[in-house]
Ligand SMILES: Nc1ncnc2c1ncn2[C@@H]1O[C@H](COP(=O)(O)OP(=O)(O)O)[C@@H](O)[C@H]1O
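A single chain comes next, written as structure tokens; it is the form predicted on its own.
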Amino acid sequence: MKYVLPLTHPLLQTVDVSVKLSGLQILDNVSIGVPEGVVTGLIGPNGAGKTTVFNVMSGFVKPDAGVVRYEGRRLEHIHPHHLTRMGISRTLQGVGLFPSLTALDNVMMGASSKARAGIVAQALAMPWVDRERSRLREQAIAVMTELGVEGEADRFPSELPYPIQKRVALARALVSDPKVLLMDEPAGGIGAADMKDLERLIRSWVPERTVLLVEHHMELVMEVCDLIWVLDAGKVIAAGTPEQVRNDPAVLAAYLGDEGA
């Protein structure tokens, strides 16, 4: 399904968001909408402000102006550790795995904010703590199996090839069964075969899951996205279906031209 603008009731959106960091205008009145149940792309040349949009949505960066809305409600005082309970999960540009934890434990961390067993309960060895950990372990193994990395459960990140680390990091984001998945450059550092697997995975998640994708690999973006927003120098310069964006003169000049396309 290819989404047609305008958007009426996006699931997640930024409204006139502006961010200035160290005196530089990183985002300038950025308004983007993410419709429910489709794959939305956010593209632009280096320095366009794409990751900053993610950071605003995730609560890592507080905007100087504008708001973030989720399910129609304005999100105020967003904190990253609240995202999972809201049904939002995010991957990072790299992998962000904890080096001292096994792959399995890293994945289990992705669902920890939904766990009932708190620090006090663990300290007092409450009877449900073991049951809770067992449940989280089963969830983590199931997601790792889906991504083909269950055999790496007991290995540490430093022992894993980078493409496998990326899958473990993705499993960590998926283990909480998020309604919205924010993916920051998931194709970075992986080969052609893994890219095809990634394409199939992303498309398999919709319409049950909503995906917002920041990515430099234009082939992946054009293949999996229903709707694409384009940033340049902190401003939205275009939006539409992949075909519309591919032929937009402003995009060709600002982004695709930089990539030699």
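Every value quoted in this text rests on a predicted model; they were computed, and no experiment measured them. Counting begins at 1, following the sequence as shown.
Not pictured, yet referred to below: the form predicted in complex with the ligand.
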Every residue in 22, 47 and 50 with a non-hydrogen atom within 4.5 Å of the ligand in the model of the complex?
yes
Residue 93: heavy atom within 4.5 Å of the ligand in the model of the complex?
yes
Indicate whether residue 26 is a 4.5 Å heavy atom neighbour of the ligand in the model of the complex.
yes
Contact stretch among 197-205, 51-59, 220-228, 66-74 - heavy atom within 4.5 Å of the ligand in the model of the complex
51-59
